[in-house]
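In structure tokens, the next block holds one chain alone, the form predicted alone.
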């Protein structure tokens, strides 16, 4: 293997190197593990910056590993999300309950995101499945990270059982696909003429992956796991893990399952409507903010399918663009929830009554994040949903578009419930004012800049369009 070929796996090799450095830092440090926080954060920051440098494209291992400009953009998007999660985790990891277990947190997250990067570069279903398991198993351990809390252990058990069940369904679908086609490679011509048995294999494949994206009716684990897991892990699940599953889903749709476009368009049409509607209706009922954001995340998955259903390169560009905006918006919301939980231990919506009077900056960040998730201009979430709606309209799915607009109105209502609690509702005992650490403030600044700036930088969407053509 030449040096140029070796550099094709630049993202993965740098992440593996970062994991090794964190492990060495764990061995070298004494009882004070705060230095590991600095090491992991600055390593991840460096990897994120290096990811945007020009890189070669090509294939390795007979096409099992694929790198192109689109996949590089997907990896960079999710690496930004991991960096923000790292920044938001530093203070929580310095608490008394987590002292002595800092490196484990970073090692497990790095292992998971290595799987994410390999998953996006998969050009073969074997590579796809192995990467998916590497992505999921470390997060199941992290969901149970707060071992002194029974709900965290419960979240870990529910996540690992749900993942095992979805993996079984997925493997059954892959076995049918292999039996029908005789190949596991992502190829445009492989699935032609697969027949009804091939459609059954596709349905099992989609059902297994739908667990990872929290598509209704495969979403039942989401709210319980998000509530029980540490807030930072819930944020990771809602952004990085879900984003990776969405990316690999559209990559397989546009390659291996291209010949089944009529079938998967019908499946997506139905699941998008159900997912948006169920997610929104259940979000209205939630009082715990982590469960609230869980159902919000489910509803957003339904909106993401608006970009997928058209089967066009413009729809793919809109999907990647929306996920990029979603990274900043959702992590900003989870970041505020995490800060409040770490400092006050409160997660209920009622606890946020009068928050603006004691913590005005946090309230403003939360408001911008919710406005972006709702799609209110001028924050970037408006532009993200606009391009998704445009992609659906381009494909002629006007009925789906109308239902999506109605669901967007419903989502605006429950997002404004939180804004109302912070800015209008009064409380006799509001959450007291507090100051966040440098890394947490930096993470929120990055999120705010992303939410405000991305929508006005048209070159980003134009670039995603250019690299989506000819996939």
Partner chain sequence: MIEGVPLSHILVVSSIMFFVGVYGFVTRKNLLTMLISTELILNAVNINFVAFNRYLYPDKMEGHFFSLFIIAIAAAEAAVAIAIFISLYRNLKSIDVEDVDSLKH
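Positions refer to the first chain, counted from 1. Because the structure is predicted, anything quoted here is derived from the model rather than measured.
Separately, the form predicted in complex with the partner chain exists; it is not shown, and the next lines address it.
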Q | Full three-residue contact with the partner chain in the predicted bound form, heavy atom 4.5 Å, for 312, 364 and 420 | A | no
Q. Of 239 to 247, 352 to 360, 253 to 261, 221 to 229, which is the one stretch near the partner chain in the predicted bound form, taking non-hydrogen atoms within 4.5 angstroms as near?
A. 221 to 229
(Q) My question is simply whether residue 81 lines the interface with the partner chain in the predicted bound form - judged by any non-hydrogen atom within 4.5 Å. (A) no
Q | Partner contact for residue 168 in the predicted bound form: the partner chain, 4.5 angstroms, heavy atom | A | yes
Q. Looking in the predicted bound form, any heavy atom of residue 342 within 4.5 Å of the partner chain?
A. no
Q) Counting only non-hydrogen atoms and a 4.5 angstroms cut-off, does residue 99 reach the partner chain in the predicted bound form? A) no
Q: Would you mind picking the one in 76, 286, 390, 277 that has a heavy atom within 4.5 Å of the partner chain in the predicted bound form?
A: 286
(Q) If the cut-off is 4.5 angstroms on heavy atoms, which of these, 172, 397, 382, 92, is the one near the partner chain in the predicted bound form? (A) 172
